[in-house]
Ligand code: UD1
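In the block that follows, a single chain appears as structure tokens, in the form predicted on its own.
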């Protein structure tokens, strides 16, 4: 594609009432990204000269979410053709190919969009290319009537004859237009129908009446699923997760139970990564090579370097950096911390707002007390340091290289390198006390 040859109009003015949500329909997340974000990602692969999103009144949240892509307002919900008309001022003077997409059809791929543009540029020079599909149950979808390789018309199910209803090629809604002929065709679309709306599907019959050819590109049904309700959003999530799981495995990761692993669109896994069951990758996760992520871990906005071992049952929160060969073990929570190479944080521990030096060992039950009720403070643990079990490190505090902190200590002052720090009450024993206590209680 040349940079100046494609424009994209994304229709997102629908109210989404069936979602029963305060959030605009197209902003509902799918694999960690909004539905319209997925559409914009697919569009970006075409290097379009112009992109515009059509929104409804009061949809400032959508406008903010798609910025810097411009938006225009369809002031009244009068059909899909009316929505495209609202976008025409942004396309003024544009003579390339115009794709019309939907913000609630998030699974469409860049490959399908490229095929639509290629079909628009075919030797037959079609004025309109319509994306078709063949669902197992065509139901009430509009039918695409093709004769001798040319799309003649789109027939709505209620208006179709029995022979037309027998056609399995259905309208998926997305279209590609010759930008030079689009204004002329839009001007001819009327609203003489039951809803008095301007339907973009009428453009095919209008184009054919003027002698312009039209054509069809087919796509898998899963790719053109429209999301209008939360049940459909769940179905789209399922399909997207299947796509992401396949991509991860094709790129060299092992998923021991693929169906139980959940990815975000931006998850990046290196080669020979092993992911156990029940792992969730929230947005912003990058994992290096030869990393093992054991069962039931949750990672969000973190980077894990080569050879690290995570989990099981670990939670890595935003801002965490896990160095090469480091271990983060079971029931460990880490937030905004830099865990250096070879360090071990293996059991029942919270590390927040901290720097852990190379090959340091953090004992079971250790916590960094990073919050004083008003502000967060930093804990620094040096290379090779050993923190005994159930230690509480009250930030801001520094533990020097090679230092040892005794188990059960509450550390409030810095510990110098290679020192032993013990901060707990001295143990005392009272022989026979327990027996006397029990006798007294009887």
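What you are looking at is a predicted structure, and each value in this text was computed from that prediction instead of being measured. Positions refer to the first chain, counted from 1. Take the two forms, find the largest set of C-alpha atoms that superpose within 1.5 Å, and that set is the rigid core.
Although not depicted, the form predicted together with this ligand is the subject of the following passage.
- Interface residue among 296, 262, 141, 94 relative to this ligand in the predicted bound form, by the heavy atom within 4.5 Å criterion: 141.
- Residue in contact with this ligand in the predicted bound form (any heavy atom within 4.5 Å), chosen from 357, 126, 311, 79: 79.
- For the chain shown alone, residue 345 is not a contact residue for this ligand in the predicted bound form, no non-hydrogen atom being within 4.5 angstroms.
- The closest heavy atom approach of residue 173 to this ligand in the predicted bound form falls within 4.5 Å.
- A residue is said to contact a partner when one of its heavy atoms sits within 4.5 Å of a partner heavy atom; residue 156 meets this definition for this ligand in the predicted bound form.
- Looking at residue 199, you'd find a heavy atom of it within 4.5 angstroms of this ligand in the predicted bound form.
- With the partner left out here, this ligand still marks one of 326 to 334, 253 to 261, 283 to 291, 141 to 149 in the predicted bound form; by a 4.5 Å heavy atom cut-off that stretch is 141 to 149.
- Looking at 286 to 304, no residue comes within 4.5 Å of this ligand in the predicted bound form, counting any heavy atom.
- The rigid-core alignment places the CA of residue 125 less than 2 Å apart between the shown form and the other one.
- Residue 138 is among the residues whose C-alpha shifts by 2 Å or more between the shown form and the other one once the rigid core is aligned.
- If you fit the rigid core between the shown form and the other one, you'll see the Cα of residue 155 move by 2 angstroms or more.
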